[in-house]
Every structure is written in C-alpha cells, then in structure tokens.
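This document starts with one chain, in the form predicted alone, laid out as structure tokens.
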Amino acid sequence: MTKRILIDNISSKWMLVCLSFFLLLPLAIGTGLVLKSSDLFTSHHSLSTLIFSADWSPSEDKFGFWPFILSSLWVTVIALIISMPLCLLAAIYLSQFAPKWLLEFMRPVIDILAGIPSVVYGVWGVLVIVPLVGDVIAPFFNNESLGYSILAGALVLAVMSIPYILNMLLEVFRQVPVELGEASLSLGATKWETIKHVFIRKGATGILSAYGLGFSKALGETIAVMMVIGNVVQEPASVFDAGYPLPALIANNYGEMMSIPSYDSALMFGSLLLFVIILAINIVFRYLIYKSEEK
C-alpha cells in the first residue's frame, strides 16, 4: 500500500510540474521579448510613436510599426472571412448530409492539406493566385495590381487555414449527441432547423474555439504570405495594395539586424506586438466562449 501511495504521489507531482511548465512558458516568452526590446524605449521612441507611426527607416533610427500591424490584420481578417463560412458549411455537409464513405475519404485529404509545408502553398500562390489577382480579379473591379497584394496573401492564407479549422469543426459536430437531433426531428423540425437550432447551438462553444485558434494560427503564418503579399512598407488602402505583415518583417530582416543600431530591439518589439495581439485575440474569444456557455 505504501508503494502504491508513493507512486501515486510521484505521478501527481510530475504532472503538476508539466502543467506548471506550460503555464509559465507564455510568461517566459513574453518576459524575454520585453527585455530584448527594452532598449528601444528611449526618449525619442515612445510607445505610441512605435505603434501608430508609419515612418519606417531603420538607417535613421525610425521604427513605426503601424503599416505592419495594419497589413497583418488586413490579411488575417480577410482570410478568415473567406475560410470561416466555407469551413462551417463544409463541416455541416460532411457530418450531417454526406454519405459515410465521403467523410472517411475526406478525413485523410484534410490531413494531407494540413500537412503541406507553408513554402509549397507560397509557391502555389506565386504561380496561381498572384496572376489570378493581377490579371483577372483586379481588372474585374477596375483596379490595377501586380498581383502581389493583400488579397493574394489572404487567399493563400484562407486555403492554408481551411484544413485546420475544418478538422476542429468536424470534431465539434461529432461530439454533439445524435439523440438531440433525433428528438428534434421527431417533434416535426426539418433537417435544416435541427442543424440550426440544435447542432450549431449545442456546438457554439466549440465553433468559437475553432475560429479563435484558426485566427491565432493565421496571424502568425509567415513564409507563404511573405511570398505573395509584396512586402512593401505602406498603409494598404485596398485589398489590391501590397502589404508587409509583422511575421514577414521579422523573417526578412532578422539576419541584417547587426549592422544597424536598435534594429535588434525593433524586431524584438515587433515580435512582442505579435505576441500581444494574439494574446488579445485569445482573450476576446475566451470571453465569447464564456458568454456562449452562459446562454
């Protein structure tokens, strides 16, 4: 009995250590980014200037991150506006209407799409999406574009996000008890009414969680978006303008930081901004999930 109690105590302590590690990891990352970017906060580098200024000239010690923040939000929000309804409708069809063999066929297809390297999506975007935007979509809306734009980045990012979000939504609908749907149908509701008022309402918390995780993941995507968005430091005025998101800024310039004073701290501050934005997005979605659970 003593040996069993000892093993149980050791196991519980070990699991507590593992849990503490995961709880402290975001704190450690945030603290490291704050310390590394602290040199940037001098008398002529105020927080408001760094965030809201559009003046980016590292050689002149000017670091305005507003164009990068704006580009990141533009491309991520547009990508999710495209992918979220597609994923929800596809998940509803596969889980409620499609024959079982189609669902079993689609699961490995979704896994393959999720496992394709980011750079492959980037090459596909350069070869297909960029010409499509520049030669077809932009002229259709009476705009001129080289194709390397916010819209091209959003389309590539939307395709990359679909398998990730769709997989989670399929699991959400799979967890809804079948008996609830059968009870709704037995009371005279139509199939669509049952899906709308039973399955979607019962799975609302999981749907919000899938969207929140998809948003956070999309915001941090780097290589594929960097290859098609244009990487021009400007405040985009439309989806056909080129942009320069924060992850692309860090990936493109980190190797050059040693030659310019304060560049290291500036890039670390960019990483800190990305970290804070993702943290804020997760807090917002956690609040929406909490309110959904209350209802």
Partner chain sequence: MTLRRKWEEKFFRVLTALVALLVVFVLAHILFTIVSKGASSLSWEILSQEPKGGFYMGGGGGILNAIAGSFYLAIGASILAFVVSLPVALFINIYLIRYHRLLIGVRFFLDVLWGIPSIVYGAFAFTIMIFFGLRNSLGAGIVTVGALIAPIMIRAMDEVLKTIPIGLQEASYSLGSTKTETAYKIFFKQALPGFATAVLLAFGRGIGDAASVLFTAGYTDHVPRNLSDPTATLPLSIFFQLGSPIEEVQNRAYAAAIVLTFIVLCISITARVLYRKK
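Only a predicted model underlies this, so the values are computations on that prediction, with no experimental measurement involved. Numbering follows the first chain given and starts at 1.
From this point on, the text means the form predicted in complex with the partner chain, which you will not see here.
Engineer: Heavy atoms within 4.5 Å of the partner chain in the predicted bound form: which stretch among 201-209, 130-138, 173-181, 110-118?
Structural biologist: One stretch meets the cut-off, namely 110-118.
Engineer: To verify the annotation, which of these, A251, V232, I260, A54, has a non-hydrogen atom within 4.5 Å of the partner chain in the predicted bound form?
Structural biologist: Comparing distances to the partner chain in the predicted bound form, the residue within 4.5 Å is A251.
Engineer: Considering only heavy atoms, tell me if A28 and the partner chain come within 4.5 Å of each other in the predicted bound form.
Structural biologist: Yes - in the predicted bound form, heavy atoms of A28 and the partner chain come within 4.5 Å of each other.
Engineer: Any of the heavy atoms of L40 lying within 4.5 Å of the partner chain in the predicted bound form?
Structural biologist: Although the partner chain is absent here, L40 would stay clear of it in the predicted bound form, with no heavy atoms inside 4.5 Å.
Engineer: Verify the contact flag for I78: yes if a non-hydrogen atom of it lies within 4.5 Å of a non-hydrogen atom of the partner chain in the predicted bound form, no if not.
Structural biologist: The answer is no: I78 has no heavy atom within 4.5 Å of the partner chain.
Engineer: Would you check, heavy atoms only and a 4.5 Å threshold, whether M168 touches the partner chain in the predicted bound form?
Structural biologist: So M168 does not count as contacting the partner chain.
Engineer: Can you name the residues of 270-293 that have a non-hydrogen atom within 4.5 angstroms of the partner chain in the predicted bound form?
Structural biologist: If the 4.5 Å heavy-atom criterion is applied to the partner chain in the predicted bound form, 270-293 yields S271, L274, F275, I278, L279, N282, I283, R286, Y287, Y290.
Engineer: Relative to what we see here, could you say if E171 and Y287 have their Cα atoms closer or farther apart in the predicted bound form, with a change of 3 Å or more?
Structural biologist: Distance between the C-alphas of E171 and Y287: shorter in the predicted bound form, by 3 Å or more.
Engineer: With a C-alpha distance change of 3 Å or more, do R286 and E171 lie closer or farther in the predicted bound form?
Structural biologist: Result: closer.
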